[in-house]
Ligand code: 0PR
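A single chain comes next, written as structure tokens; it is the form predicted on its own.
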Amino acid sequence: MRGLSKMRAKDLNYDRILSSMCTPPHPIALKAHRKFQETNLGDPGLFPGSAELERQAVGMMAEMLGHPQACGYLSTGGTESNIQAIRAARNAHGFRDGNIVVPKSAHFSFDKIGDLLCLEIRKADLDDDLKVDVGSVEDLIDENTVSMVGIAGTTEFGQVDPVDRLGRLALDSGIHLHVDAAFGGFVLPFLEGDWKWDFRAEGVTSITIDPHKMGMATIPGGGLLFRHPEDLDRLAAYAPYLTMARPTALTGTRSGAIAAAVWAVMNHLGREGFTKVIDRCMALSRRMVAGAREIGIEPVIEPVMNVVTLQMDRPEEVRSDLLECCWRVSTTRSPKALRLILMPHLTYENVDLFLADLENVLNRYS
């Protein structure tokens, strides 16, 4: 145990991490996880209680995403969910040499998907607000397109694509529309405003949502939901030696602990509890933006969710200098900016300390 403690001490504390979309799990998630950590959702007949928790957790997320009848399963995270969603879309079209159209802001998992599923990845332009340009998407669609992708909470800027317009285009084109809401799925339902980014938008066939991000469940905990049961069925493989002969998940063995953790947090917090968490993260984001403006820095866009991007010269150098102050931040690709994620583990004191260090770093360049 001494060796393990030594290794764990090398891991960073979340207090000064502003680059990650993960956060320490809610205490009730940890408690639930420990209770179910030896169970296996890959063989649900042996662990029916765990399987029922997964079914109920998926049902709660389906209701939150605007379609209580949606079906799906708990995955290891956004990458697996995105792979499976596109795999279902490809299988629905009955041919292998196709393409998918994604925004240039899409998560790097879609580059993996192109390689794994032998699909061409076509990247649509963004508009001035860093949302996908629907006209560019339309120009890239052809008879070999099996799916388009919209993002609800882009990894770099936290922006929300016009999913309702993409949905109409998907219906007109007869192709699937997958929404990657790995981050935004547990943020947007609890914000004021209505972007129509979920199953309420006609044409949306599948959604990725990650409980281990803003859902504060344990890692690894993702979710994949489909509007139509037949799309989930397209992922099935034959395994007669299991208690479920046609499992649909990508992985075989799956921990029932994540089902318990997601179920526990969602039941414990409910809409009111999650709204309080999101309200606080948005207040932290506004404080960060206001403090940045006081030292002459503007955001790239006004934050839609708890993702703040700050315009500045040489953001990579600023990132390196902040590392000397023990802050972990990240940068964006285009436009280049300093990227900050205001997660539940952060405090107002953290924000003020960071802004003071940022100002000191920037003064070195003036």
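So that there is no doubt, residue numbering starts at 1 and follows the sequence shown. Because the structure is a prediction, the values reported are computed rather than measured.
What comes next is about the form predicted together with this ligand, which is not displayed.
Residue contact check for residue 177: none of its heavy atoms lie within 4.5 Å of this ligand in the predicted bound form. Under a 4.5 angstroms non-hydrogen atom cutoff, this ligand in the predicted bound form lacks residue 87 among its neighbouring residues. For residue 108, a non-hydrogen atom is located within 4.5 Å of this ligand in the predicted bound form, even though that partner is not displayed.
Although the partner is absent here, residue 339 lies within 4.5 Å of this ligand in the predicted bound form, judged by heavy atoms. At a distance of at most 4.5 angstroms from this ligand in the predicted bound form, none of the three residues 58, 72 and 206 contributes a non-hydrogen atom.
Only one of 259, 265, 182, 137 comes within 4.5 Å of this ligand in the predicted bound form through a heavy atom, and that residue is 182.
A heavy atom within 4.5 Å of this ligand in the predicted bound form is found for one listed residue only; from 155, 145, 218, 255, this is 155.
The stretch that touches this ligand in the predicted bound form, counting heavy atoms within 4.5 Å, is 77-85, out of 127-135, 232-240, 168-176, 77-85. Applying a 4.5 Å heavy atom cutoff to this ligand in the predicted bound form picks out 212, 213 from 211-235, in order along the sequence.
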